[in-house]
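There is one chain below, alone, in structure tokens, taken in the form predicted on its own.
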């Protein structure tokens, strides 16, 4: 994979470039000006690489459907944050696996405390483009190293945890342990997380998904989907204090660029191939 960036961390580059490509398109879905700035700066570094992923990013030849998907998802996650802040203007938001996203700039109400959390190699890049202050913080850590929670816990909350495109790359038991730790440490918090349908993690279907990630997106062998759930209420079974609030699939969007794919919202097993679930913890 790209020098200095692990296979899973490299997925954040795809997300960034999807935002940039969408922003420069006609009638953009997200309109993320910061992504265009960052992608232009990274082009100079990536242009020196012979890696297929680097060439795809610099040439802006990512598949159109994934650009639309990622932009719609980011817009929806922004809406989840804005809804939370409409109820708790002084709330604390933790963006788990934040990548090079500029969500804080898009949702800042002047009062929110916002934490961007990701692996050290991603945060090192992010520090070139974002400046921390008393309401915006960058944390270089694996989400599974729970030491980061002590820093966030200094605030009184309420807390919203976002995990956009993260949990499927973690082992199932690690996801379960993380969710239970969040519930214990931040009782009453909310969690918005993207999940994969565990049906696609069977021996044959998992190979199909891995093939798509590695051949279509030129990701390394370490970027594998490792966990999922079958139903939006499944996490409620992990602890009596976990309560399902709502769920969302990008097929639910009324975005015109989806075209006929919007019909998939009426087909349950397609709607829940990869989707987002919203919980209250404790």
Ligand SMILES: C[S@@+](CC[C@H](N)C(=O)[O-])C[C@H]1O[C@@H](n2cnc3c(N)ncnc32)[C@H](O)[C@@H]1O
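Positions refer to the first chain, counted from 1. As the structure is a computational prediction, the values presented were derived from the model and not from experiment.
Form predicted together with the ligand: not shown, discussed below.
Undergrad: Tell me, please, which stretch of 182-190, 142-150, 78-86, 129-137 lies within 4.5 angstroms of the ligand in the predicted complex when heavy atoms are compared?
TA: Careful reading of the contacts points to 142-150.
Undergrad: With a 4.5 Å heavy atom cut-off, would you call residue 122 a contact of the ligand in the predicted complex?
TA: Although the ligand is absent here, residue 122 would touch it in the predicted complex, with heavy atoms inside 4.5 Å.
Undergrad: Does residue 15 reach the ligand in the predicted complex, with heavy atoms at most 4.5 Å apart?
TA: Residue 15: yes, in contact with the ligand in the predicted complex.
Undergrad: Heavy atoms within 4.5 Å of the ligand in the predicted complex: does residue 166 have any?
TA: Contact with the ligand, yes.
Undergrad: Check residue 71 for me: does it contact the ligand in the predicted complex (non-hydrogen atoms, 4.5 angstroms)?
TA: Contact check for residue 71: no, nothing within 4.5 Å of the ligand in the predicted complex.
Undergrad: Which pick from 195, 160, 117, 175 sits with a heavy atom within 4.5 Å of the ligand in the predicted complex?
TA: It is 117 that has a heavy atom within 4.5 Å of the partner.
Undergrad: At 4.5 Å, heavy atom to heavy atom, what parts of 82-106 sit next to the ligand in the predicted complex? List them in sequence order, or say none.
TA: The stretch touches the partner through 97, 98, 99, 101.
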